[in-house]
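What follows is one chain in structure tokens, specifically the form predicted alone.
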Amino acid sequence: MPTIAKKKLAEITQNLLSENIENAFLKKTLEELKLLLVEVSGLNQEAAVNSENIFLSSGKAIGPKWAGMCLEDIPRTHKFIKAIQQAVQETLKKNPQKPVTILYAGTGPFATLVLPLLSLYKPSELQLILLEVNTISIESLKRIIKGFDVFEYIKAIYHCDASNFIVPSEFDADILLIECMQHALLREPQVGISYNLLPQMKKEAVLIPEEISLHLALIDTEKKDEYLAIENNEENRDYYKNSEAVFTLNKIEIIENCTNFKKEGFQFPEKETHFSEEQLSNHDLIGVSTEITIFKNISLNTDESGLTVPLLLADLNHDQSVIGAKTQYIVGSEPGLEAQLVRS
């Protein structure tokens, strides 16, 4: 089995990373990847227990079924795998004598975002430290490692809550990959995990995604429908207008705030954003948009993926006095951006 599964995985990876892959072929390739992962892991996605989420002090860890389904978000999966491969390549170039070590938090049942890359590198070039909180996902992960015969790439697997995990000092990770987010950084512990793990890493460690920013956005639904009606539309998404970021998660912000973040009662600052009369008259919805820079020039824009679908706050047709909102990112067991509409 390992050799057949491994060979199949290598083919899928080559297809995924081929230049200018067409959408229909990309969709088919990711469907093949999903089938292969389900087959090798033996994960029964329909078992009720696999739909159960785990509620942590830093947010909700989604159940194995939902974590596995994230693969089906085509732009997300494709761009993340490409971005990680680019980050590995660049890190390897800087120091070819030493394997690149990825610390991967929130692997889910398949470690989807790095598993395909193992077919491109030798264990002397790439090593993984895997963190996952869900017992069923951990068991599935172990079957994946055995089924694809990739033991030599695994430095360690930890069954833990990554938002309070202490990274053992002997591990010198080069890339921190955190796969624990929903759109608008809602409910899942991406922020808590980032603030826990990144300060424990060396200064030059790469954070993936590199930056997640939340904005207040005005949306013109008519323009949006016209835009989305054209398949694979390459035009600029001019149907929404973003405010300046109201919350940003990146290396600079984390290092700046990490000491205070650990203190009891820590809060991110509240921001108030107003739109002009002209801007308001040209749009009919107000929401929270998510922009993600995964690595360097690889990013996910508004509405490109389930992760970047705007979170709606108000319909300006029915609530014409709205001119903006006060926002504050709240951490804790139900993290997310709290928004209070401001009216004229």
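Everything quoted here is computed from the prediction, not taken from an experiment. Note that residue numbering begins at 1 and tracks the sequence as displayed.
Missing here is the form predicted in complex with a small molecule; even so, the following discussion is about that form.
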### Query
Thinking of the small molecule in the predicted complex, which stretch from 284-292, 51-59, 312-320, 297-305 has heavy atoms inside 4.5 Å of it?
51-59
### Message
Under a 4.5 angstroms heavy atom criterion, identify the one residue in 73, 161, 210, 220 near the small molecule in the predicted complex.
### Response
161
### Task
Would you check, heavy atoms only and a 4.5 Å threshold, whether residue 104 touches the small molecule in the predicted complex?
yes
### Query
Taking heavy atoms and a 4.5 Å cut-off, does residue 193 contact the small molecule in the predicted complex?
yes
### Message
Test of understanding: in the predicted complex, would residue 67 fall inside 4.5 Å of the small molecule by heavy atoms?
### Response
yes
### Query
Is residue 175 close enough to the small molecule in the predicted complex to count, meaning some heavy atom within 4.5 Å?
no
